[in-house]
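What follows is one chain in structure tokens, specifically the form predicted alone.
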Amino acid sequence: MSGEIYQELRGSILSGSPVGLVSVTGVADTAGASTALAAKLLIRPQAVVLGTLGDPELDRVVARDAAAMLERGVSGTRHYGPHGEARREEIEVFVESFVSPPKLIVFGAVDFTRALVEVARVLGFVVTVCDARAVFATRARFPTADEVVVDWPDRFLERVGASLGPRDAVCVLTHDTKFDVPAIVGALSTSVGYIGAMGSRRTHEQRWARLLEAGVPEGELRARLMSPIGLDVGARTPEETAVSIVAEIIAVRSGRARRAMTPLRDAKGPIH
């Protein structure tokens, strides 16, 4: 690794800035001499490139794909032709994503919130609990949360919404129009990857109507709002409900949320 790439990578990791490192891990004999084993690219979210894999078009295609992987916070192996051609196997690269932990914002300092905070922390989320009611939103009630904020959802999202991305999540656990509608409307204006709202079927229908009245397009609600929140795992306790919620967050992130949830024992194909 060149000194310049190493210094940029080290600086980004220390500062918490997302950065990706692409390394050539395999070159077929038929690939030509332009791409060298262990050649590297440094990728940032805007696909700013440092380094080269030996071919300008290969650099462009790999940088585009690696930037998309970086946005999702995933690492993995990809294959290309000598000039970045898809569905070719001559060039193998490993994309390593270095990203900050995903964020979870929970609106509503309710009984289920503590369990959700604890389960999400186990999965590596940086968790914020936000409620406009100071008597409920206290550090004593949520000691494991990274941050407890007393504020209205829409005001809070105005401050932090720009920092939310596809790996982050917003959970609305309130059942009050004053809280849940502004929270959902505010979350929909961000790039957050998951938005879920707790409530019964009846609560969901009433909330849906209020959101439509607030001017939210129905298509956007169907595409992004997970309500009632969580996967149907038969949860009863707050802890079981928390597991169902984070399971749905994982399913949305992996692109499996719209599929029927099948036990791995009964499914076919790869499990990751």
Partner chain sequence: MKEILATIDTWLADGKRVAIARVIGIEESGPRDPGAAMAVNEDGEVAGSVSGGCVEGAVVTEALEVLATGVARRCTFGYSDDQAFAVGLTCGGTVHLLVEPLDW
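Just so we're on the same page, rigid core means the largest C-alpha set that superposes within 1.5 Å between forms. Remember, it's a predicted structure, so these values are computed and weren't measured experimentally. Numbering follows the first chain given and starts at 1.
As for the form predicted together with its partner chain, it is not shown, yet the points below apply to it.
None of 224, 204, 44, 40 but one reaches within 4.5 angstroms of its partner chain in the model of the complex through a heavy atom, and that residue is 40. Checking 151, 71, 146, 92 against its partner chain in the model of the complex, a heavy atom within 4.5 Å turns up for just one residue: 92. Taken together, 13, 23 and 98 are fully in contact with its partner chain in the model of the complex: each brings a heavy atom within 4.5 Å. In the model of the complex, its partner chain lies farther than 4.5 Å from every heavy atom of residue 191. In the model of the complex, its partner chain lies farther than 4.5 Å from every heavy atom of residue 252. Although the partner is absent here, residue 163 lies well away from its partner chain in the model of the complex, with no heavy atom inside 4.5 Å.
Among heavy atoms of residue 177, none comes within 4.5 Å of its partner chain in the model of the complex. Using a 4.5 Å cut-off on any heavy atom, none of the residues of 201-216 reaches its partner chain in the model of the complex. After superposing the rigid core, the C-alpha of residue 22 moves by 2 Å or more between this form and the one not shown.
For residue 74, the Cα coordinates differ by 2 angstroms or more between this form and the one not shown after the core has been superposed.
A change of 3 Å or more separates the two forms for residue 16 and residue 113: their C-alpha atoms lie closer together in the model of the complex.
If you compare C-alpha positions, residue 125 and residue 15 are 3 angstroms or more closer together in the model of the complex than in the form on display.
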